[in-house]
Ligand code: COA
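Before any questions on binding or motion, here is one chain by itself as structure tokens, the form predicted alone.
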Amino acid sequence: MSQSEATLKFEPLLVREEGPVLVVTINRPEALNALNEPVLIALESVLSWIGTEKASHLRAVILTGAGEKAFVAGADIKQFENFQPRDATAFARRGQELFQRIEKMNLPVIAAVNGFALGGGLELALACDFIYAAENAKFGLPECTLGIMPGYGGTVRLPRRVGPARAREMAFSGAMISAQEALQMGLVNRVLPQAQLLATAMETAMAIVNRAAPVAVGAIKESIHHGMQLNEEKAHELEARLFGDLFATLDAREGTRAFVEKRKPKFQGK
């Protein structure tokens, strides 16, 4: 898919392929990349496309925001003004389902947070496998200051990432924290100068692509994601089953054979 085709197909996102890595940029800088209906539709479309044969060559995804001010500064609040409870519940479920699709993708997904990640923006970043942040990044769940609460998984994923006490503090107060504070509490993996953010995310994505078998990455994601929701005994059972399943794949055979033959493996994602 050419750059022009991707831009047209997925507006208001900018979508580009850099070899096996797909870079998805939320492109509403005039609105601090706030989530609205067109953005949600475009994200759904990108995820559906990633699941097709045309995208079978992809091995990793980087998600970021346009400009230097914001990753995603939350949802478009104007749409909430006339919501009734049924509308709000449907809105939350839609966003949850979309973010769960991101979380459960077989591909590794890196969030490159280049500024504000507030409300739905933080929830979107949390749906990714891990977060790299620019030095100017700010994180928060300010929904309580509007008389509402997070609805796209913030009260589910944040306590699992940083612990329930820190999650309560952020969600109860609505306060923003800096990139360095986010690093200290384990919310983000690395803090980088703005100019180095995307390049470093790409380096990590390519390191995964060049070293790891795609089927192994998918199984590891499944084991961690589901294992976090199980007790230790059940989590170990899941890990053992996934470990066993991999031995039916071509990638496992290729990886072990390449090790014995002292050469670099040629993984096919099968």
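Quantities reported herein were computed from a predicted structural model and do not represent experimental measurements. Position 1 is the first residue in the sequence shown; the rest follow in order.
Omitted from view is the form predicted together with the named molecule, to which the following refers.
Only one segment in the set 51-59, 27-35, 241-249, 226-234 has residues whose heavy atoms sit within 4.5 Å of the named molecule in the model of the complex; it is 27-35.
Contact with the named molecule in the model of the complex, defined as a heavy atom within 4.5 Å, holds for exactly one of P108, G74, G95, G154, namely G74. Proximity to the named molecule in the model of the complex, taken as a non-hydrogen atom within 4.5 angstroms, holds for one residue of A199, A88, L146, A175, which is L146. Of the heavy atoms in F139, none are within 4.5 Å of the named molecule in the model of the complex. Contact annotation for F80: at least one heavy atom lies within 4.5 Å of the named molecule in the model of the complex. Among heavy atoms of L118, some come within 4.5 Å of the named molecule in the model of the complex. The shortest heavy atom separation between R211 and the named molecule in the model of the complex exceeds 4.5 Å. Interface residues of 56-70, taken as those with a heavy atom within 4.5 Å of the named molecule in the model of the complex (partner not displayed), are limited to K69.
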